[in-house]
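Have a look below at one chain only, the form predicted on its own, in structure tokens format.
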């Protein structure tokens, strides 16, 4: 079994800037800069055969490079408990259409439809036992966060291994936009 997700990588300078947003939030486990990304589709644990089907379907997703801009911060919560802090993405119809193509490719590969609505974001921290009131100051201070637009010229199929110190991500295949696909063996 292999645990997979599809994402856009972020420029190194943007990841560094995002780490600068870290603050005193009780219960927050901050995401290391090298793990920051914008998830397009969580695949989950699949067999090697299904992973190959996902790769084949993703390799057929075409598109031209386009720009994305990070804007604002927020949190995912339920019942007053915060699960994650994130940097948002400015409204972008090209991104929405592209993610729809990724979702369609995953379904063509035999995956069940994603049950959650696509909410483009970059996870900054995962939280445990953190109430909304504890993150309110962080969100208020960084509500106006805005990064310069950056160009997306590829998407990546990542594998993920869960460990004691958090997940580690491995780029399995890079799918260039407007070009040919490369794997880690190329």
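Just so it is clear, the model here is predicted, and its values are computed rather than measured. Positions refer to the first chain, counted from 1.
Omitted here: the form predicted in complex with a small molecule. The next part is about that form.
- Residues with any non-hydrogen atom within 4.5 angstroms of the small molecule in the predicted bound form fall in just one of 114-122, 149-157, 22-30, 134-142: 114-122.
- Interface membership of residue 5, defined by any non-hydrogen atom within 4.5 Å of the small molecule in the predicted bound form, is confirmed.
- Using a 4.5 angstroms limit between non-hydrogen atoms, residue 55 is distant from the small molecule in the predicted bound form.
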